[in-house]
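First, one chain by itself in structure tokens, the form predicted alone.
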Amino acid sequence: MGETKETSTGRVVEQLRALILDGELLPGERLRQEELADRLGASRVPIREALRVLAGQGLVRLVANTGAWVSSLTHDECVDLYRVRERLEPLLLEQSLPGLGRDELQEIDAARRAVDECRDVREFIALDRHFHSLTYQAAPDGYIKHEVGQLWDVTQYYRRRFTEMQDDRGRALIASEHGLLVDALMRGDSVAAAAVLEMHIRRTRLALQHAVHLFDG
């Protein structure tokens, strides 16, 4: 049985989203419907509808009667989004912590170890996101969780570029902060966990403020 219009559009949304988040389609890149249709083996209708969906998620910029582009951020916009993350994610973590049982906490700690051991940037980005998403898993599926997911999406390209410039000291700091976060979660200390997470995000934000070169081009 063939795909319905809805399943076809959903498939294309996920394919395009993955291409953008993986850096296969870069910020500012023109998205031509004909080329995307050939690349994804889809007709232009689901491509067009998928672009609208992704525009609503902040990953695509549509210009009426002109075309579509992968969304890009200025340096100031990215720093501002990290400021928002500093405030929202500790709240989401506090919502999640009461619902994290022993099994979930062990899964989080295993994810932390996987991040620590990873040296490939592309894999690190995926593992790091998985680790943090696990800490939020027990929070309700409301506004805060939705917004946090979108913030991760729209900043992912710049997070990857930032990760590429990390040296051993930078990676050790990330590992240390993740360890402190897991320790607070294991103790059920929501105040300490939120404080560690806020500090973790703030440190990246402060570094980004001095990394203007990441936004060139």
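In case it trips you up, residue 1 is the first one in the sequence shown, and so on. The model shown is predicted, which means the values in this text are computed figures rather than measured ones.
Form predicted in complex with another copy of the chain: not shown, discussed below.
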item: Proximity of R113 to another copy of the chain in the model of the complex, heavy atoms at 4.5 Å; value: no
item: 4.5 Å heavy atom contact, Q95 and another copy of the chain in the model of the complex; value: yes
item: is_contact(R122, another copy of the chain) in the model of the complex, heavy atom dist at most 4.5 Å; value: no
item: Distance check, E117 to another copy of the chain in the model of the complex, heavy atom within 4.5 Å; value: no
item: Contact assignment for another copy of the chain in the model of the complex, among M165, L173, V45, A192, heavy atom within 4.5 Å; value: V45
item: Candidate stretches 155 to 163, 59 to 67, 24 to 32, 173 to 181, one within 4.5 Å of another copy of the chain in the model of the complex by heavy atom; value: 59 to 67
item: Contacts with another copy of the chain in the model of the complex, stretch 133 to 162 (heavy atom within 4.5 Å); value: Y143, I144, E147, L151
